[in-house]
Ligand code: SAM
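Next up is one chain by itself, shown in structure tokens, the form predicted alone.
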């Protein structure tokens, strides 16, 4: 293991395998910016599955234990089960998980992912209301299809996580409805504070419904007990008393977790980012495709010099003045 400038080690890599998505969520890929004229990455620009597996093999030498496949929408990439199998059987990764909007899943596909080594699945669902969903995501949304995918994933994996990005006065009024919907299921329902990722989502702090507000609201309806989590966990977790549902709160805005961040991010075209809020990446693709270069040495230098703590410093004048052109969430994979 190696430590960065803030004594943080490296254990977790989030890999975006495509920058394309069949959704146009307002907080991630707003339709007016990511329209028909938007230039997505060409197939030849993407890392191949073999290249991704090779990157992971190399990074395992430095402590990598967990990989999460993201996008865009990762299920748009063909034969993703082959990548999962390679990560487990060739790169020997301890845990491989995926985050998806669930719209392209069915029972057979989920079972195929599980059979090829997928350890865990997270499905994004920001609303149970069609009207709210149409406002948040005006393209290709199908709530019954996603709910069916959730049921299938629960049957096959036994448990799963559901992510809900909460935006004040957009879907914050649906928090209790979401809790009620999954109350009797072995699910971790995670509420994520609306974040200032990228430059296209018109983020405003006034639209943040904080985790504290969320916890206080849920406690009006249900009693729940705090769950002890690992030091590097990004979420605060609670167990609803007398119910199988547990709840997580990801508080990047109100309670940053920079001091324990042990993750890196790899874009679909092979750029490595040391922070979700980065404005520049490191060219891993160039290193993995040139046998005369050492990706391991390159990574080691990057991590040893890493000192990112954007969320901790978000509201200081220095960050506001200097931080420009943050990479978009749909490109970096969240």
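Here the structure is a predicted model, which is why all the values come from computation and not from measurement. Numbering follows the first chain given and starts at 1.
This protein has a second form, the form predicted in complex with S-adenosylmethionine, left out of what is shown; the following refers to that one.
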Select, from the options 161-169, 220-228, 174-182, 88-96, the stretch whose residues sit within 4.5 angstroms of S-adenosylmethionine in the predicted complex by heavy atom distance. 161-169
Is there any non-hydrogen atom of residue 188 lying within 4.5 Å of S-adenosylmethionine in the predicted complex? no
At 4.5 Å between heavy atoms, is residue 28 in contact with S-adenosylmethionine in the predicted complex? yes
Does residue 149 reach S-adenosylmethionine in the predicted complex, with heavy atoms at most 4.5 Å apart? no
Heavy atom of residue 208 within 4.5 Å of S-adenosylmethionine in the predicted complex: no
At 4.5 Å, heavy atom to heavy atom, what parts of 59-79 sit next to S-adenosylmethionine in the predicted complex? List them in sequence order, or say none. 70, 71, 72, 73, 74
